[in-house]
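One chain comes next, on its own, written out as structure tokens in the form predicted alone.
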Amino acid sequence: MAEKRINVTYQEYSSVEEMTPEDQALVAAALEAQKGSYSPYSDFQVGAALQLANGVIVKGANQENIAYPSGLCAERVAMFWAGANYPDVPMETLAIAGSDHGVLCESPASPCGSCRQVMAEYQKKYNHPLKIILVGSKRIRKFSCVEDLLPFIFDSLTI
């Protein structure tokens, strides 16, 4: 038996002002995207802003449904829209912001496993790292690739 360890490196900011202007704009777009949230059951609003390699920013917001789990997370709304409308354009950076009852969470909301796996699929499709920014009111975390959020990506069907 061998014991192994996984280390994750990420950047942590105490405010958006510490970030590059490009990242600041993406964070602002994710915060703005929360306005499109339909979350009458959880009252947890999530906004996502996805910057593509061509400079386009695509926004998504979580969409709930009384027939749970028929809704969709903000991250997948943005990624699926981008994949359908810009199928040949790599995804560069995805910013995610979550608010509880209209108040931005102090600690950044983290994407669910399904969203992480979809991020991994697009990262693999484009053979290009997808950076992720998780936005909270007290801290913002930036990851350089999906593996930092999902270290053992499901990426093959080999037997």
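Keep in mind it's a predicted model, so treat the numbers as computed, not measured. Counting begins at 1, following the sequence as shown.
The protein also exists as the form predicted in complex with a small molecule; that form is not presented, and the subsequent description refers to it.
Asks: Checking a candidate spot here: are Met91, Gln117 and Ser144 all in contact with the small molecule in the predicted bound form (at least one heavy atom each within 4.5 Å)?
Replies: No, the whole trio is out of contact, none within 4.5 Å by any heavy atom.
Asks: My question is simply whether Val46 lines the interface with the small molecule in the predicted bound form - judged by any non-hydrogen atom within 4.5 Å.
Replies: Contact with the small molecule, yes.
Asks: Can you work out whether Cys112 and the small molecule are in contact in the predicted bound form, taking contact to mean some heavy atom pair no more than 4.5 Å apart?
Replies: Residue-level check for Cys112: yes, a contact with the small molecule.
Asks: In the predicted bound form, does Ser107 come within 4.5 Å of the small molecule, counting heavy atoms only?
Replies: Ser107: no contact with the small molecule in the predicted bound form.
Asks: Would you check, heavy atoms only and a 4.5 Å threshold, whether Asn62 touches the small molecule in the predicted bound form?
Replies: Yes, contact at 4.5 Å.
Asks: The small molecule isn't shown here, but in the predicted bound form, which of 121-129, 23-31, 51-59, 38-46 has heavy atoms within 4.5 Å of it?
Replies: Of the stretches listed, the one contacting the partner is 38-46.
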